[in-house]
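To begin, one chain is listed below as structure tokens, in the form predicted on its own.
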């Protein structure tokens, strides 16, 4: 068995093309982008740039307009965007939904939605979290009841990112009660189903959730009052949504890790450049002092280790490894890269001192983003629970 840590020519070309396309947003249009993010406005022009470069097609088969090159090049793209100080934002949710649709949906659903995702015409959000269920999705109470050739959905969801700009949502709802599901062979894994629901469907009420910092899109609570969805809009099999979800949740964690890897690169590189030039005592750059150099060197080392795990997880997903094993790698890489991003941003803040708190440097929003990704989409503690149970064989602790 040989190991090759070089990237294919196609992957390098994608990242290079993306870097060129992002230059205006990281340069002359940076202030414009910052202002839009501050006002929770996601620029359609930036979205179309993502599409034109080909990011939305990475996980989509060629017959539906995609390139099907895989999660690894997509992760490298996410990393590149974040390394330029830009957030991929709702791109993550749309890509994870496209992965789920591509691997699980009927041909009719794929034909209906995937070409518009690839072209940039359609955006998706993901609706799973509920206020009273939290990280235990099996406790969700949003219910989809079969009525003839449709389902009727009632319930509520919370922390739904980008609902206001999305055209559709991939919605997880309970189609069999939790009590009845316990009596099946699958136990708690039975009874959930995934639906594609238009965000403007009658019966959906949205409520903006005030957040302490802005991401460029809003966070919403959603309320479903007899929302009707055609039965042919189920992704995968009815009641088997827990298995289908892995094809969304694993890419979500890996792409979140890729964003964190890019944040680490951005912050450490910024701090290193600053430390080479900034002089406080005599004519000596502050980068000469170990109190500055060592934290940045440590952050760089942590980043490289975490990044390798992220790349392995993306590669394993593309190789169609067992979903549980990919899940372990996805969870591990999300854990390590979010920790690395936090350490890197904090080291950069210490290096820049007072100037780190200015709007121009953009480090505080970056810290907020890294801290968010330590908790979302799944917390450090739940990741450690998963690793302990599935990798170490320890008794379930929750």
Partner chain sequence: MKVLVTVKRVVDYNVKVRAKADGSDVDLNNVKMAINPFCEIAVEEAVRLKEAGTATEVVVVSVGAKQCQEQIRTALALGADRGIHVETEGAVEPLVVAKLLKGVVEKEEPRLVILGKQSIDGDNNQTGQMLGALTNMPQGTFASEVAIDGDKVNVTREVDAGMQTISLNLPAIVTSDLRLNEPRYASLPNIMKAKKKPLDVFSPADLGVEVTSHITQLSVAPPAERQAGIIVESVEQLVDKLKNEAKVIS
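Numbering follows the first chain given and starts at 1. Since the structure is predicted, the reported quantities are computational estimates derived from the model, not experimental observations.
Missing here is the form predicted together with its partner chain; even so, the following discussion is about that form.
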{"query": "Joint contact, 140, 145 and 196 to its partner chain in the model of the complex, by non-hydrogen atom at 4.5 Å", "finding": "no"}
{"query": "Candidate stretches 29-37, 364-372, 49-57, 343-351, one within 4.5 Å of its partner chain in the model of the complex by heavy atom", "finding": "49-57"}
{"query": "Residue contact check: residue 389 to its partner chain in the model of the complex, 4.5 Å heavy atom", "finding": "no"}
{"query": "Contact test in the model of the complex: residue 23 vs its partner chain, heavy atoms, 4.5 Å", "finding": "yes"}
{"query": "Interface membership of residue 332, its partner chain in the model of the complex, 4.5 Å heavy atom rule", "finding": "no"}
{"query": "Distance check, residue 17 to its partner chain in the model of the complex, heavy atom within 4.5 Å", "finding": "yes"}
{"query": "Those residues of 62-94 which, in the model of the complex, come within 4.5 Å of its partner chain by heavy atom", "finding": "67, 69"}
